[in-house]
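Given as structure tokens, the chain that follows is alone and in the form predicted alone.
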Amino acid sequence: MSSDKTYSFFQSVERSFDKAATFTKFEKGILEQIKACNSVYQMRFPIKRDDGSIEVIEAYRVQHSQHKTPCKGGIRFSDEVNQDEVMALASLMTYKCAIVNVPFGGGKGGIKINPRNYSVYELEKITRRYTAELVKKNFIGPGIDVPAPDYGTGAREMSWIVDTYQSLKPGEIDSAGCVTGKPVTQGGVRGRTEATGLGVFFGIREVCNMPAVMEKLGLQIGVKDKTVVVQGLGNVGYHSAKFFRENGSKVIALAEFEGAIMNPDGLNEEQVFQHRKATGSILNFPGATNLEKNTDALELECDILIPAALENVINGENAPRVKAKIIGEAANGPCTPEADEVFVQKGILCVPDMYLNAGGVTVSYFEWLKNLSHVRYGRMEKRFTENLNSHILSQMESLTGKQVGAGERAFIMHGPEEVDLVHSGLEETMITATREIMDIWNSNPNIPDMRTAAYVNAINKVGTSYGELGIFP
């Protein structure tokens, strides 16, 4: 193994930050303030287990930056949770929000439990008590700090949080905006489930549509007929695979912790998912070849590799064996700083996690806006658009004397629903962010990789915001 492990996760983030900071105009003191975590709340609280025993739970909430408020970031339930990890993820949230032009500061939360070891009732007690502790210290609120789901949490936990918050803050009109990722019935937004995977697709597609980048990599323009390998068949990996397949790419391999499978003719992620549900494993999928180790998938010959599972899966030891032309970091921190250096030498383009997996926070922002405006997206304009399109269509048909086919008619007349507007907003966000990062990279030939260019973009935005606030006179 390489020396990757000498860095904690937070130190790895700081190391990438320092590398990018040399390409910015800010003085050392401002850079130190941007880098620092503003507030770290570490808590312990007891809960009574179903068997009557008392257990003390360890939990965290970190607010990395308040250059924009509220702070924003998920809450993870994992027995791997520690302060260093939560601080690293909170700082990445600050940079991620800046890059995709979402007006939030970065935050992150974590509860040190394995949710599989607790009953639903116990998880509810833990989540509600955690929320009460956050309210007590003013660490949650639609204008203060807005959590969201992460590993081990989902819409169910978010509904417990919003209910607890509302019971402790009666009459607060914007209280539904205290958390995002809620069920649609509780003020959630349609399109949230697939948001991160769809954002990954939009980001990579935009890179693949850049002629100069594709020429350098020796690839054809566009995602059509590109070979794709996806590691991880959770929510993000599943949807990434789905959108690439639906847009003409060939998903030749899928990996999960029990192993990996490949089929050069392409795999259907839904069929693999159902096979895994039925058998408990993706292995032995009909028509596919089993790979000896799940990490073997990372080293397959392909155009695009999507690590969508865990941190540090590509490091100084295995990076030299990676054969993909483009790596799209759908997970948080799947490639170490040592791996980045190898990619630069090999001419592999690594599209960094800190903006590529920002689909979740982008759609969370749309949900938060929906909660503050108290109106569903599309409610005001859907019928107006349909009526207008219908009128234009009938005018064209009467002028030309030709009838439009049923399929085309339905498409042209369709007024936008909430999910259409959410997907459209996400597409705009990812395209704009990709172009901004590429412009910075192209404008300075000394910037070594796309990750550094993304950090430069984030530092410039956060630093400028601090300056305009008058925090640094």
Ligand code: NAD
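Start at 1 and count along the sequence shown; that's the residue number. Please read all numbers here as calculations on a predicted model, not as lab measurements.
The following text describes the form predicted together with the named molecule, which does not appear among the structures shown.
Undergrad: Can you tell me whether residue 152 touches the named molecule? I mean in the predicted bound form, with a 4.5 angstroms heavy atom cut-off.
TA: Close contact exists here: in the predicted bound form, residue 152 approaches the named molecule to within 4.5 Å, heavy atoms only.
Undergrad: For residue 330, is any heavy atom within 4.5 Å of the named molecule in the predicted bound form, or not?
TA: Yes, contact at 4.5 Å.
Undergrad: Applying a 4.5 Å heavy atom distance criterion, does residue 308 contact the named molecule in the predicted bound form?
TA: So residue 308 counts as contacting the named molecule.
Undergrad: Even though the partner isn't displayed, in the predicted bound form is residue 234 close enough to the named molecule, meaning a heavy atom within 4.5 Å?
TA: Judged by the heavy-atom cut-off of 4.5 Å, residue 234 is in contact with the named molecule in the predicted bound form.
Undergrad: In the predicted bound form, does each of 8, 10 and 147 have a heavy atom within 4.5 Å of the named molecule?
TA: No residue of the spot touches the named molecule in the predicted bound form.
Undergrad: Going by heavy atom distances of 4.5 angstroms or less, which of 76, 182, 226, 325 would be at the interface with the named molecule in the predicted bound form?
TA: Of the candidates 76, 182, 226, 325, 76 is the one lying within 4.5 Å of the named molecule in the predicted bound form.
Undergrad: Of 128, 250, 190, 276, which residue is found within 4.5 angstroms of the named molecule in the predicted bound form when only non-hydrogen atoms are counted?
TA: Only one option qualifies, and that one is 276.
Undergrad: Considering the named molecule in the predicted bound form, find the one stretch among 369 to 377, 172 to 180, 354 to 362, 210 to 218 with heavy atoms no farther than 4.5 Å from it.
TA: Only one stretch qualifies here: 354 to 362.
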